[in-house]
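Coming up is one lone chain in structure tokens, specifically the form predicted on its own.
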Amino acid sequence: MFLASLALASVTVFAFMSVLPGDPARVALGVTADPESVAQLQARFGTDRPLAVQYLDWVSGLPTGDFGRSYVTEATIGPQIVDRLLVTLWLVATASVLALLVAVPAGVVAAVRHRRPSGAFLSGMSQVGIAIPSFLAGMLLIALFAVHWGLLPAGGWTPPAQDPARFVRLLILPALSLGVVQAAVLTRYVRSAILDVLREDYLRTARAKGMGPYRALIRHGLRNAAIPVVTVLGLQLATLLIGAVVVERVFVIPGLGSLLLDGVANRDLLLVQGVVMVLVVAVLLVNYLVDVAYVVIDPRLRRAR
């Protein structure tokens, strides 16, 4: 099923890129170029061949990381995507961990204390967080921590191996802008899942035997509440990958999102095609890992299999 989805995704991505207006050779040479020069450049790019041949040539190189050469710079696309993907993975992984660290305890407390002011406050704050886009959160964080207080740099990137301390300082604000917004969304789902578990008979029995609310929930309820939370977390990882496109531009981070936007601005369709395909593969892989997590969390699924 994963391979079938991957094949369908490759056809879809290639088809969308093929129907976009604008010939890469004509864009590269300009509107005043003579037809002979355009034809020569089309032959060098390979865009003069039938679409089926172009697709098979492109898709046959994907398993080995061969995405072709850029129409604009003529540089190999594969190494560019790998370098930028590593930067994006650092950002997305840090934001995901931050979202979990905030959302799980906040959601649990909001559910257990939902009839008290503290629970209502956490629920209200999560609603506010949902309403704030990641790029707006990023600009607000820059205004506060970089411009007003001068505590952290406003943007840029340093590889972790080059300067670990500066790498951490540069990663804090973009990870916060992505992670805090996603934490607000995840908090709502954690709260809802925990409230459903709190109404179950087995949890009432544990409370009747003398267990406190948090102890009973940790021992008997968290695993049952984890199934819907894992589903939402998988969707949020895909959202983080897409959200990183804008956040990387706000913080001047040379990640996959910046590469995608540069390719769109330069009409480098083959580069855009490769980046979009990598994002699609990442989303499909996350969904597959979510399915695996279901089996690990719920022993009933293992017995059914």
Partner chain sequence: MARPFSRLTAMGIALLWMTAACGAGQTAEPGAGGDDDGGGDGGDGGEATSLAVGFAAEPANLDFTQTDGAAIPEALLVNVYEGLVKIDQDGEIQPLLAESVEVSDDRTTYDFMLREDVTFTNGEPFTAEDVKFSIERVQSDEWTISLKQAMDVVDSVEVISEDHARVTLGEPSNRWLFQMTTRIGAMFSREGVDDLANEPIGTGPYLLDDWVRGDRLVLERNPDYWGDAPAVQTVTLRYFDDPTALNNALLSGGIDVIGTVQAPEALEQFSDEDTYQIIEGTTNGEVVLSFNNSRAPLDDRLVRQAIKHAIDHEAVLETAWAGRGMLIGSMVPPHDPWYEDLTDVYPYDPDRAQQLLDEAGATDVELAFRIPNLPYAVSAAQVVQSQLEEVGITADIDVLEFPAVWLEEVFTNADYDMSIISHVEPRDMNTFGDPDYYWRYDNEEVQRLLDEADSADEATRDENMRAVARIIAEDAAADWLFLLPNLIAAKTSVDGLPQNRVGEAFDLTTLSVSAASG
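Values in this document were obtained by computation on a predicted structure and should not be read as measured data. For the two forms, the rigid core is made up of the largest set of C-alpha atoms that agree within 1.5 Å on superposition. Positions refer to the first chain, counted from 1.
One more form of this protein, predicted in complex with its partner chain, exists but is not displayed; see below.
A.B. asks: With a cut-off of 4.5 Å between heavy atoms, is Val264 one of the residues that contacts its partner chain in the predicted bound form?
C.D. replies: Residue-level check for Val264: yes, a contact with its partner chain.
A.B. asks: Tell me, yes or no, whether Leu56 is in contact with its partner chain in the predicted bound form, where a contact means a heavy atom of each within 4.5 Å.
C.D. replies: Contact check for Leu56: no, nothing within 4.5 Å of its partner chain in the predicted bound form.
A.B. asks: Does His148 reach its partner chain in the predicted bound form, with heavy atoms at most 4.5 Å apart?
C.D. replies: So His148 counts as contacting its partner chain.
A.B. asks: Report whether the minimum heavy atom distance between Leu136 and its partner chain in the predicted bound form is within 4.5 Å.
C.D. replies: No, Leu136 sits far enough from its partner chain in the predicted bound form that none of its heavy atoms falls within 4.5 Å.
A.B. asks: Could you tell me which one of Leu270, Val250, Leu241, Leu260 places a heavy atom within 4.5 Å of its partner chain in the predicted bound form?
C.D. replies: None of the other options qualify; the answer is Val250.
A.B. asks: Tell me which of 56-64, 28-36, 272-280, 233-241 has residues with heavy atoms within 4.5 angstroms of its partner chain in the predicted bound form?
C.D. replies: Comparing against its partner chain in the predicted bound form, the contact stretch is 28-36.
A.B. asks: Residue by residue through 51-73, which ones have a non-hydrogen atom no more than 4.5 angstroms from its partner chain in the predicted bound form?
C.D. replies: Val72, Thr73, in sequence order.
A.B. asks: Once you line up the core, how about Ala25: does its CA shift reach 2 Å between the shown form and the other one?
C.D. replies: Where the cores coincide, Ala25 still shows a C-alpha shift between the shown form and the other one that is 2 Å or more.
A.B. asks: Establish whether a shift of 2 Å or more occurs at the C-alpha of Gln42 between the shown form and the other one, with the two forms superposed on the rigid core.
C.D. replies: The answer is yes; the displacement is at least 2 Å.
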